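Quick heads-up: it's one chain on its own, the form predicted alone, in C-alpha cells.
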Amino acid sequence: MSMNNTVAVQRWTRLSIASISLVVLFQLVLAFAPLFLSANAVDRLTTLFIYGILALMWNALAGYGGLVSIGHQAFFGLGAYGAIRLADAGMSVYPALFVAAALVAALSLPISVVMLRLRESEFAVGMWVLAALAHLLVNLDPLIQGETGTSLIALNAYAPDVRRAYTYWTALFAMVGLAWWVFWLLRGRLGTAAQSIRDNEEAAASVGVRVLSAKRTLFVLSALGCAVAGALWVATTISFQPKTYFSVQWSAFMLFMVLVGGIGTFEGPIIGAVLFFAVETAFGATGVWYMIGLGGTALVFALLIPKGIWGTIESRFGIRLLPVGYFLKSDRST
C-alpha cells in the first residue's frame, strides 16, 4: 500500500469564480434600480451602500492591518464638512463629494505620522481624541454655526427624484469602486504584508515587511473611504450637524458590522452591513434600547463567535466566495 499526498497552493476555485461573476452581475442590476424601485427603496439602498463602505474600510484597517480605531468618525465628519465647504465655494455638488474625500485622505497622511506611532489601545484612544478635536475645529467655522449646523443647500438645485437617483448612483459607484479596489490591494503584496503585521508585527519586520508603509496605506485608504461615506451621508440627509457626524456611534456601527460579519474576511463586512441594515430598519426607532441591543449582540459575538458569521462558516466548511489570500489544497491518494 502506498500513500501519496500532494499539496497545492490555491486561490481561485470554481465556486469563487462563479461568486465573483454573480457579484458583478448583481452590481449591474443595481445600476438600474432607480428605474423600477420605489423612492423609499432607492433611499434605503443608498443607506446600505454607505454602511457597506464603512464596514469595508474599518475591516481593511482593523481586520487586515490590526489597527483598531474608535475614532474613524473623524474622517466621516470631515468628509461631510469638506463637501459642504466645497459646494459653498461654488463647486458642483456631486464632484465635491469625491474631491472632499480626496482632501481628507491627503490630510490623513500627515496625521498618520503621529497616529501610527501609537500601539494597540493607544492608537484606539488616540483616534477618538482626533475625532473630538476635529469636531471642535469644525464648530469654529462660522458657516457651520456651531452645533446648529447647516445644510448642503446646493442640492436644492435638483428636483427630488433627480437628486435621489444621482445620490443613489454616486453611492453605488463609490461602494463598488472602493470594494474592488480593496479586494485588488488585499490580493497583492499589501494584503500579505498587512496580515503578517496583524499576526506579529516584530516577526513581519524581521523578514523584510515594510511595516510602516503598509500601515500608512491602510490608514489613508480607510480615511478616504470613511470620508466618501460621510460626504454621501450629507448628500442623503442634506443637513449637517457636527455632533451627529462626529459621534462615536459611527465607529460603534463599523465595529458591529465587522465583528458580527467576520473580521479579517472580505465577505464578512458585507454580511455584517446587510445584517446591521436589517436590524436598524426593524428596531432603529426604539432609541436607546436599539443601541443597547447592538452593544449586547456585539459582546455575544465577541465571546461566543469571535470569528463572526462568515469567519465561522469559512473555517468550518472551507467555503471561500471572494478569496483574498492563499490556501493549501491537499489531494491524498492511497
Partner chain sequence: MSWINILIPGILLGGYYALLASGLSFLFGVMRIINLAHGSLAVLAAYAIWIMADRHEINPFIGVLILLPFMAMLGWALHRLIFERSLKGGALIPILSTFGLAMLIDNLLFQNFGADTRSLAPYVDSLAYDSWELPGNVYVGQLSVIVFVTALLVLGGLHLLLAHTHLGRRIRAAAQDSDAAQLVGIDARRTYAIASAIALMLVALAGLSLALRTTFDPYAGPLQLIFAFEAVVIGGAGSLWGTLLGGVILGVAQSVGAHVHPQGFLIAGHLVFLIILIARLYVLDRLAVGLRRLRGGSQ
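Positions refer to the first chain, counted from 1. Please read all numbers here as calculations on a predicted model, not as lab measurements.
Heads up, the form predicted together with its partner chain isn't pictured, but that's what we're talking about next.
Leu130 is the sole member of Ala105, Leu130, Ala87, Ile144 with a non-hydrogen atom within 4.5 Å of its partner chain in the predicted bound form. The contact with its partner chain in the predicted bound form, taken as any heavy atom within 4.5 Å, belongs to Ala252 out of Met91, Ala252, Val99, Ala205. Three-residue candidate spot Leu30, Ala171 and Trp233; no residue lies within 4.5 angstroms of its partner chain in the predicted bound form by any non-hydrogen atom. Using a 4.5 angstroms limit between non-hydrogen atoms, Leu259 touches its partner chain in the predicted bound form.
With a 4.5 Å cutoff on heavy atoms, Pro34 does not count as touching its partner chain in the predicted bound form; it lies far away.
Shown alone here, Glu122 lies within 4.5 Å of its partner chain in the predicted bound form, counting heavy atoms only. Contact annotation: Leu294 falls within 4.5 Å of its partner chain in the predicted bound form, judged by heavy atom distances. Stretch-level contact check against its partner chain in the predicted bound form with heavy atoms at 4.5 Å: of 295-303, 22-30, 45-53, 267-275, the positive one is 295-303.
With contact defined as any non-hydrogen atom lying within 4.5 angstroms of its partner chain in the predicted bound form, the contacting residues in 134-158 are Leu136, Leu137, Leu140, given in sequence order.
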